[in-house]
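There is one chain below, alone, in structure tokens, taken in the form predicted on its own.
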């Protein structure tokens, strides 16, 4: 009788434990982006990473998404609300969220953060950046190959080091395939402003540009203008060729899926470390897609070889000799610009028309 009672108690206990495990709440993961999540663009690529986490972890995760969040007080409020709602992992999808994100991480060591383009890390605050300059170097080679007006136009978002490096990579590459080319820049100081993006694109076309670059505009606005005006365009983040089937020369895209999945798994396991992750062509975080069919076999071969050389580190985008607009040597012959200077870049290479905004 006593044994039966013990066995019955054990069965009840095991049943309660099983029910408790079955009822375990999913881990909440928050995602904040500065622009709307659409079918293309930076926010779309962030959301693909979120979807990859959901696919990998199923009912063990619940994701919370807030898009169109302005940098500053609004972003801080959203972060705090996510933490109040129980988020244990938060993805900050804008450079401008850095200070508020770092402050929240220090105040909430139980929450792990990953932040786009940041430059400081703590135990629970990691940063991630794409070496998009490698992809735009390839796009620059193609632009120099196809331009007939010898004028290239760049519509650029903010003059943060990441974007400045991309502008410089384009200029270096264009001048390899078209030494006579002029390269002009319009800074719009926004990640998401379709009217301003279109206005900048049209202004550059009016100045003779027959190839445009859209750097970190989270809409296909520049691509739409390029298609309508019958010029070429290389865009950022997603394949936007459906918006410009005749205009898109190439799309420099980002793939965050594996990085997001691995980071969330570490947060769940308690092994998360706030490190700086910088991925490029070699890691697959940067991929150049939607190459125009109008490129010749010889041109494609040249670009493919350049891509292989960059991915294997046989070549480097910022290889010396390298000078800025003032003639100052930034990298000597036989040397490469180091990472800390690439990701802190606040100068333009020689041969560019335009300047950095004050």
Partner chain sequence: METLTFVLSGTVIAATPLLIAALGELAAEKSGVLNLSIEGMMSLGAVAAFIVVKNTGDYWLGVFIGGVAAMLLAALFAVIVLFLLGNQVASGLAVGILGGGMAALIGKPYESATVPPMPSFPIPILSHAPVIGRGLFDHVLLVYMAPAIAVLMWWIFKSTKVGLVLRATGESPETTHAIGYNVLVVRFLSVLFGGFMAGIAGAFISIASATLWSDGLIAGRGWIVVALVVFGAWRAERVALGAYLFGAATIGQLLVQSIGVEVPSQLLTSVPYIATIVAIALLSMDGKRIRLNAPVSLGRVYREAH
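Numbering follows the first chain given and starts at 1. This structure is a prediction, so every number in the text was calculated from the model and none was measured.
Just so you know, the form predicted in complex with its partner chain exists too; it's not on screen, but the next bit is about it.
*Asks:* Would residue 124 count as a contact of its partner chain in the predicted complex, using a 4.5 angstroms cut-off between non-hydrogen atoms?
*Replies:* Although its partner chain is absent here, residue 124 would stay clear of it in the predicted complex, with no heavy atoms inside 4.5 Å.
*Asks:* Does residue 189 reach its partner chain in the predicted complex, with heavy atoms at most 4.5 Å apart?
*Replies:* Residue 189: yes, in contact with its partner chain in the predicted complex.
*Asks:* Should residue 261 be classed as touching its partner chain in the predicted complex when contacts are defined as heavy atoms within 4.5 Å?
*Replies:* Contact check for residue 261: no, nothing within 4.5 Å of its partner chain in the predicted complex.
*Asks:* Contact between residue 272 and its partner chain in the predicted complex at 4.5 Å, heavy atoms?
*Replies:* No, residue 272 is distant from the partner.
*Asks:* Considering non-hydrogen atoms and a 4.5 Å limit, which listed residue (309, 39, 294, 332) is close to its partner chain in the predicted complex?
*Replies:* The residue in contact is 39.
*Asks:* What I'd like checked is whether 137, 165 and 257 together line its partner chain in the predicted complex, meaning each has a non-hydrogen atom within 4.5 Å of it.
*Replies:* No residue of the spot touches its partner chain in the predicted complex.
*Asks:* Select, from the options 192-200, 261-269, 170-178, 245-253, the stretch whose residues sit within 4.5 angstroms of its partner chain in the predicted complex by heavy atom distance.
*Replies:* Going by heavy atoms within 4.5 Å, the stretch is 192-200.
*Asks:* Who in 216-231 is close to its partner chain in the predicted complex, meaning a heavy atom within 4.5 Å?
*Replies:* Contacts from 216-231: 218, 219, 220, 221, 224, 229.
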